[in-house]
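Let's start with one chain on its own, the form predicted on its own, as structure tokens.
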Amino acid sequence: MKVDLNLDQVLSDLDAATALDALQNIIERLRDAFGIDHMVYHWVDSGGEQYGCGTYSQAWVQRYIEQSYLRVDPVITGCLQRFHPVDWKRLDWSSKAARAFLRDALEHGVGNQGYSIPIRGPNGQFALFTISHDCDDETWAEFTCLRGRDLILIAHYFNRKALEFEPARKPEQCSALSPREVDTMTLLAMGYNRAQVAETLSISEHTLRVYIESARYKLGALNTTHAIARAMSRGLIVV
């Protein structure tokens, strides 16, 4: 899969979007730029309203709704329990209902490979950013390893933009991060490992751990990845 992507331009276009409809155009461009079959963003706001944009066929979207697949889809149930991006092959497809769902999805062109990024925003908002494709395991593993950081960044930019359009959105109260905590979370979000972050900030790894744990506590996060996601979704860091 050849990637033809100007990430800065995509993020600028997302920032400039003024309506939800603009996200559909951007996600189609991204799908083509990444050279994959499908890309989907789906969110549930604090009032339970749902919105989605993506490249699945209308036939599959309608089929999914008619069959109430939301109740048995391992991607949904699995990502509700996770904060890290997840390859679909790591999910539980063992039940009869899940296997039937998978067969139906394949027949509708969803693809035999998938990768989903769960996102949790303010006031109980939950979203998924998903890509899928039809290829062998080795090709898919190489692609997600190479492009995972870009996909996480794009997912959170999509969510941040979508939240701007949520009716009557109320700001979520949280403790402000210190400048050093912002620097730490930003570099981690960019994909730096802890040693690289410590070196960049000219601090010890012990001091870095203090900053990370302090930021995690302020954000009410379960782990570092969750803290980064919350900081991004609340606009406390921008990558």
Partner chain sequence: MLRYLYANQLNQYPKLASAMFRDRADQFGTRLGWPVEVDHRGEERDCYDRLDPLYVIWERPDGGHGGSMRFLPTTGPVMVNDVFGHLTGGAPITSPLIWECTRFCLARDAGPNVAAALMLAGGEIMQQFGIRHFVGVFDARMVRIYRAIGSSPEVLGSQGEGRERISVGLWEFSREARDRVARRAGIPPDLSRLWFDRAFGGVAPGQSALSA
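Only a predicted model underlies this, so the values are computations on that prediction, with no experimental measurement involved. Residue numbers count along the first chain shown, from 1. So that the term is clear: the rigid core is the largest set of C-alpha atoms that superpose within 1.5 Å between two forms.
The same protein has a further form, the form predicted together with the partner chain, not shown here; the description that follows concerns it.
Using a 4.5 Å heavy atom cutoff, none of R63, I65 and Y69 lies near the partner chain in the predicted bound form. Only one of E28, E199, D183, E213 lies close to the partner chain in the predicted bound form, with a heavy atom inside 4.5 Å, and it is E213. Although the partner is absent here, E142 sits far enough away that none of its heavy atoms falls within 4.5 Å of the partner chain in the predicted bound form. When the partner chain is considered in the predicted bound form, H84 lines it closely, a heavy atom lying within 4.5 Å.
The partner chain is not shown here, but in the predicted bound form it comes within 4.5 Å of a heavy atom of R209. In the predicted bound form, the partner chain stays beyond 4.5 Å of every heavy atom belonging to F165. Of the residues in 96-117, those that come within 4.5 Å of the partner chain in the predicted bound form through at least one heavy atom are, in sequence order, R99, L102, N112. Relative to the superposed core, L201 undergoes a Cα shift of 2 Å or more between the shown form and the other one. Superposition on the rigid core between the shown form and the other one places the CA atom of A16 less than 2 Å from its counterpart. The Cα shift for I27 between the shown form and the other one, taken after rigid core superposition, is smaller than 2 angstroms. Three angstroms is the minimum change: in the predicted bound form, the CA atoms of R209 and L146 sit closer than in this structure, by 3 Å or more.
CA of T144 to CA of N223: closer by 3 Å or more in the predicted bound form than in the shown form.
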